[in-house]
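One chain comes next, on its own, written as structure tokens: the form predicted on its own.
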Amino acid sequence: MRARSGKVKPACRGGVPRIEGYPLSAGYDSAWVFENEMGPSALWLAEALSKRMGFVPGMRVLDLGCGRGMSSVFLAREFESRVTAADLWISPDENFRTFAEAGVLDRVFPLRAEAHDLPFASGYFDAIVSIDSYQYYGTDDMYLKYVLRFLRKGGAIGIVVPGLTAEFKSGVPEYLTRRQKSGAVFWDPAECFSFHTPAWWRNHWEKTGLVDVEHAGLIEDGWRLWLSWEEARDGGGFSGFPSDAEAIREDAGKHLGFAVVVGRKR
């Protein structure tokens, strides 16, 4: 179910490595991926989530916090999903052009929306996904109840977020808070306090009684994916964001990774 069309070329070239276990992501042009980045490879993270979500053609999917729409294009092309691509910071005009070039305008609808003010009918979506975004608003104890309003009974909600292997007991390690050679400091206290373990997310959702959590775990070797992305971006000369490779390399999976959580609405 891979409707290849548009300017998203079916060949990975020019920097993004092919990662074993992520064959679908390998079919996208590196320059396009780098140009549309807003964090670690949204394609790898979307593919990791797709292994747990059971997408089928025609599903109505909300891609919440879609950024520049890479995950939305991926879901439309690889699974023939009907995607609502909602983001606060990237304009619908910009994402419209992205989706037009990718040849998915018949399956992806761009929308500007704030995560707490979503303009959808109750029970409209078959699935809700969020790639590298949910940690910014979903740690609120009340948020899951709110967003599930737009998911049908029995529908799935799935997230991939930067996460921890264990909650910090004695503070953040020094090497995550020091300035790297790139000029970046990995651990921004204004944002990174929202990083949690899969167990934390499981409890966060299960305590509501609103979903059955079907999976809560770390992406296998997720820190290596993260480092591969940073190194590829650095090597390709793409500098939209300062590199965090130094901190991720030093951590080597001791603390950092990606949490994948999937729940089914009761």
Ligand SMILES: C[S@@+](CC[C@H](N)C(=O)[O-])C[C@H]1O[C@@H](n2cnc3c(N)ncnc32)[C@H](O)[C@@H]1O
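The structure presented is a predicted model; accordingly, all values stated were derived computationally and were not measured. Each residue number is its position in the shown sequence, starting from 1.
A second form of this protein, the form predicted in complex with the ligand, is not displayed here; the remarks below concern that form.
No member of the trio Leu144, Val161 and Trp200 reaches the ligand in the model of the complex with any non-hydrogen atom inside 4.5 Å. Residue-level contacts in the model of the complex: of Ala26, Met38, Met59, Ala232, one residue has a heavy atom within 4.5 Å of the ligand, and it is Met38. Checked against the ligand in the model of the complex, the residues Tyr124, Phe193, Phe168, Trp89 give one hit for a heavy atom within 4.5 Å, which is Trp89. Phe79 falls outside the set of residues with a heavy atom inside 4.5 Å of the ligand in the model of the complex. With a 4.5 Å cutoff on heavy atoms, Asp188 does not count as touching the ligand in the model of the complex; it lies far away. In the model of the complex, the ligand lies farther than 4.5 Å from every heavy atom of Leu176. Heavy atoms of Glu114 reach within 4.5 Å of the ligand in the model of the complex, making it an interface residue.
Only one of 178-186, 101-109, 126-134, 144-152 lies within 4.5 Å of the ligand in the model of the complex by heavy atoms, and it is 126-134.
Taking the ligand as it sits in the model of the complex, the stretch 54-73 comes within 4.5 angstroms of it through a non-hydrogen atom at Gly65, Cys66, Gly67.
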